[in-house]
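Next up: a single chain in structure tokens, the form predicted alone.
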């Protein structure tokens, strides 16, 4: 017979993991976008891909508290794995995603032992150094990766042998959203599991978890591996939907972009990653069209205002409004 406290904990976790009505509405938005914005499906597919990329960083930063400036390394690694498979005769999409996740996850597992050393500042430098080295390796191996010219000649087969990628981005959009949804469900299940709760506890007080006898290092290694695998899948999705891999996909700029997305949306929320990716990509699309030379200035100004007046990103701002207006938090 299990103790009462265990039953209470299970009921609490089950209640927290239950789907809210607003969540169903959120996932109806991509379906509505298919009909409302049929000429922008290519942009929407990139938003879905970057949402998955931001979600991968949220698992690492938002839940485990591991700061990274080199997360783009895993994204680019996954992109090159899927791109090289497509170029050299194996363009099956789903197995390409699996291969990208495996390679990126393995690299994340190996690099996690370096991340474990030191404090946040040390981790920042280590992750940045790893990303810069991997970017330079990709540049030097231009005979394989295409270098600055990018990896061209990527041929991706139809999804499940039925749906061929088209110029209008219909199949690419549906494919990206489907993969995002499946991996989001998995991430949601993980963060509401005992493993996810232990990650939150490690983020709040790592020393206390050590004192309680929790396997802190194994938990951190596991989440680093999982986060890297998710980022690798996001990179592979970009390579498959665009059938091209540029050197920028593995550069520092990609790591900076995903960090901005997560800060913009809000860390430790899962949906904050998706919202941040949507806001960032939409603002970049609109502002770069209005002021191509100065759009980053307006984006930076918005980030400064958001950090000053609404800690926690857009979700933090929503929480502030809820508190002032007396709304119940979903």
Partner chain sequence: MVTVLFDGIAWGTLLFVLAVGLSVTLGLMNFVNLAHGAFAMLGGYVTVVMLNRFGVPFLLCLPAAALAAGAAGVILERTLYRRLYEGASHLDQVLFSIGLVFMAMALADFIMGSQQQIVHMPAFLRGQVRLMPGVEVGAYRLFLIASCGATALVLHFALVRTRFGSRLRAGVDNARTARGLGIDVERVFALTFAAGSALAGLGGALGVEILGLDPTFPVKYMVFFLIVVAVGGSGTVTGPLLASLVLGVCDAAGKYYLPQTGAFIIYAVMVAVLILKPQGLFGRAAAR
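Numbering follows the first chain given and starts at 1. Computed from a prediction, not measured in an experiment: that's the story for all the values here.
Separately, the form predicted in complex with the partner chain exists; it is not shown, and the next lines address it.
Proximity to the partner chain in the predicted bound form, taken as a non-hydrogen atom within 4.5 angstroms, holds for one residue of 121, 178, 148, 94, which is 121.
Checked against the partner chain in the predicted bound form, the residues 26, 301, 32, 290 give one hit for a heavy atom within 4.5 Å, which is 301. Look at 48 to 56, 293 to 301, 32 to 40, 269 to 277: in the predicted bound form, residues with non-hydrogen atoms within 4.5 angstroms of the partner chain sit in 293 to 301. Using a 4.5 angstroms threshold between heavy atoms, residue 311 counts as touching the partner chain in the predicted bound form.
The partner chain in the predicted bound form comes within 4.5 Å of no heavy atom belonging to residue 166. For the chain shown alone, residue 161 is not a contact residue for the partner chain in the predicted bound form, no non-hydrogen atom being within 4.5 angstroms. The partner chain is not shown here, but in the predicted bound form it comes within 4.5 Å of a heavy atom of residue 69.
Contact with the partner chain in the predicted bound form, defined as a heavy atom within 4.5 Å, is made by none of 144, 153 and 281. Residues of 131 to 157 placing a heavy atom within 4.5 Å of the partner chain in the predicted bound form, in sequence order: 132, 133, 136, 137, 140.
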